[in-house]
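Presented below, as structure tokens, is a lone chain in the form predicted on its own.
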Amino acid sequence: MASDTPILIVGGGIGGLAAACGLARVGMRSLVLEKASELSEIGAGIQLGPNAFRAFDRLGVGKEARQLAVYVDSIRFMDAVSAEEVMNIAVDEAFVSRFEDPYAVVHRGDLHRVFVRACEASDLIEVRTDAPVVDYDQDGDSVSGILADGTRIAGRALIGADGLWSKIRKRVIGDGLPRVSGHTTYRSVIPVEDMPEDLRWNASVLWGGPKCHIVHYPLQGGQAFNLVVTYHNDAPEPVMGLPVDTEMVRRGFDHVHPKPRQVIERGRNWKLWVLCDREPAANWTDGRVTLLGDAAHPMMQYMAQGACMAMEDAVCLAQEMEAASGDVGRAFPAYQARRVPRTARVQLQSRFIGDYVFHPDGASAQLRNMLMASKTQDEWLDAIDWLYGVNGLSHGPAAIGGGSKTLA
């Protein structure tokens, strides 16, 4: 099924490289075009639900990803004002039995390198850096990616995996600038010895407070901790990766309990992001061009599903390309039809969680705590089955490579 004319993939992040791996698994050649001079990922930790591990296996990187992951014991929700535990979901044998895969965390850079190595090992994947695609044109049989210097690169299809500020989305959808949420996130990674001893929990922990929350979990074999603190401060414009001092981070957390506030004092080399997303789009395909990952459905971080959804996209796209024997005219609309409802739900539910679960105050916070604490373990697993369960997504073709399990 290989072709001398590759499928062009714009963007060399996790989504773009995952798409290349998925296509290679079904014998299709791709050319990844990355604007940066080298392949790298910014950010720190990623939480991996069972749906992520399902995608890893279908993309051919399951073994290596599992070796890198840190397997936490539970997902804990804490009240940031009282420092009391509200919810604790054990991600134990019963969890794995229910969803057929574990819950874990991993460093974003480590995961990105897994996909880089997989692409380097494949004869069907070429990666080209210093290749900023700013536009495209197409006819009935081919598409050309147009670089910033005017160079044209021919392909038989083009996948825009170029993130929140996607140039490809601008052409396909044309919906203007991203929506600025007003939520500001600060990120740090610290050695385990710098983490307060009373917070060195082997868990994915979130402290929810009025207009703010704090997240921490272990990384890199338990040798480090990922710290993410978010403050709803009505930030007016996008910012990405700006270095800031600890004093700036403190400003949004004076009203929370001293126990979670220790995390801020222990952080180092903080960097700031103002969170953005976009409205769900009903169509993200234009002939031989389609979108994937944040270019298709950028979302708030609050369900920890951005990278997971991009990898699911990659699996689904490869499945549909295989089922259509490479016929883009059939495969791209089928891919979009399967992915739009699921990703739109994650986009909208992520917004809701940020405002009404993580950040409420007063009576709203009391109600949240009461409702969350009232659920049993089985009820929590039922509540997240739509996201993590094997049957959580309408089944399409057989798993890539002719396997028996479809992506959930």
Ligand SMILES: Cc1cc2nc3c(=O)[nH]c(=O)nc-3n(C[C@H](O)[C@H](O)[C@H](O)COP(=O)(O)OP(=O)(O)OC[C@H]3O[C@@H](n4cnc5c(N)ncnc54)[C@H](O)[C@@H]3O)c2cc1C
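Note that residue numbering begins at 1 and tracks the sequence as displayed. The structure displayed is predicted, hence computed values, not measured ones.
Keep in mind that the form predicted in complex with this ligand is not shown, yet the notes after this line are about it.
A heavy atom within 4.5 Å of this ligand in the predicted bound form is found for exactly one of Q301, S188, Q220, Q336: Q301.
With the partner omitted from this view, the residue of A307, L291, V315, L206 that lies near this ligand in the predicted bound form is A307 [heavy atom within 4.5 Å]. Interface residue remark: E320 is not counted as part of the site for this ligand in the predicted bound form, having no heavy atom within 4.5 Å. At the 4.5 Å threshold, heavy atoms of P280 stay clear of this ligand in the predicted bound form, well away from it. Although the partner is absent here, G287 lies well away from this ligand in the predicted bound form, with no heavy atom inside 4.5 Å. Contact check for P132: a non-hydrogen atom falls within 4.5 Å of this ligand in the predicted bound form.
Residues with any non-hydrogen atom within 4.5 angstroms of this ligand in the predicted bound form fall in just one of 367-375, 32-40, 57-65, 352-360: 32-40. Contacts to this ligand in the predicted bound form (heavy atom within 4.5 Å) from stretch 13-34: G13, I14, G15, G16, L33, E34.
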